[in-house]
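So this first bit is one chain, no partners, the form predicted on its own, shown in C-alpha cells.
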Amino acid sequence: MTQLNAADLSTRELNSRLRDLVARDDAEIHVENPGARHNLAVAMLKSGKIRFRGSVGYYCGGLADGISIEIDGSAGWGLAESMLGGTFRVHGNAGNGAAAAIRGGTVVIEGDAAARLGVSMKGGTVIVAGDCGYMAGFMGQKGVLVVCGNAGDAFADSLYATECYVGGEIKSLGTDAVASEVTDEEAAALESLLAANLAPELRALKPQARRFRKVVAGRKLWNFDKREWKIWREAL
C-alpha cells in the first residue's frame, strides 16, 4: 500500500502521482487529507484501487475506466461522471449529478444523493442506500438505478430503458414514468444485488426487495405523435 498526503501536492501533482502509481500496478493507494478538492482521480484509465481518507469535491473519478475508488466521506457534484467501468463507493453523501452518463461499472452511495442522480445513464449500476433528490434517472437509457430510501420530484422523467427501483416514497414521477409492482424474479435479482453491494448492517435498515417499486417508461415519448404534443411540451 502507498500513502500520499494531498496537503503536500497540487491537484495536478496528485493526479499525476496517482496515474504513475496505478500504471506501476500499485496494489492500493491511500490519499490522506483530500480536503474536498475538485477533479481528483479524473480520467483514470487502468485498474487499481484508490482510497480517499476524507471528502472529495466536484467530478471525482470522472471519465474513469476500470479504477476502484473508495471515499471515506462525502463527494461533491459529478461523481464518476461518464464512467466507462470501475467501482465507486462513497461512505457519505453525494452531490448533484452523481453517476451522470455512465456507461458501465458500479457506483454505491451509502448516504444520500442530491439532484439528478444517474441522469442519462447508458449502462452500469447505481445504488443509493439513502434518499435521492429531484430528477433522478432523467432520460436513463440502460443500466440499473436503485434508491433504497425516498426519491424526490420528477423521478425517472423521460425514461427509456434503465431499470429503476425505489424502496421508499416517490414524491412525484416524471413525465412518461410509470410505477409497477416488483415481480418475484426481479425481487430475487434485486436482493442479490443489494447483498453484494451493501454491508449487512446497512442492508438490515432497508426495505425488503419485495417492498420496492419498479419504475418503467410509459413509452409515450419513445416516438413522437403530434396528437400528444402536450406531453412533449411538458417534457421539454
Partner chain sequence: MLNALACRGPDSAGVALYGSPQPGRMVVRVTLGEHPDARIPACIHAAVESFGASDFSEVGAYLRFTIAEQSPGAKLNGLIKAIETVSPEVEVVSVGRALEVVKQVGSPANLEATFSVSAFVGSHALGHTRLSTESKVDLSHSQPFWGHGYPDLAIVHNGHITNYHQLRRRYEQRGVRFYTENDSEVVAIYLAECLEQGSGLLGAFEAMMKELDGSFSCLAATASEMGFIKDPFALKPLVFTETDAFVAVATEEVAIRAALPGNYAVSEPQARAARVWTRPA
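Note that the coordinates shown come from a computational prediction; the quantities given were computed from them, not determined experimentally. Residue numbers count along the first chain shown, from 1.
Another form, the form predicted in complex with its partner chain, is not on view; read the next lines as being about it.
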Establish, in the predicted complex, whether 36, 115 and 153 all lie within 4.5 Å of its partner chain, using non-hydrogen atoms for the distance. yes
Evaluate residue 106 for contact with its partner chain in the predicted complex, applying a 4.5 angstroms cut-off between non-hydrogen atoms, and reply yes or no. no
Would residue 132 show up as a contact with its partner chain in the predicted complex if we use heavy atoms at 4.5 Å? yes
Just to confirm, residue 68 within 4.5 Å of its partner chain in the predicted complex by heavy atoms? no
Considering non-hydrogen atoms and a 4.5 Å limit, does its partner chain approach residue 158 in the predicted complex? no
Using heavy atoms only and a 4.5 Å cut-off, determine which of 143, 149, 95, 86 is in contact with its partner chain in the predicted complex. 95
Name the stretch: of 24-32, 39-47, 191-199, 52-60, exactly one has residues whose heavy atoms fall within 4.5 Å of its partner chain in the predicted complex. 52-60
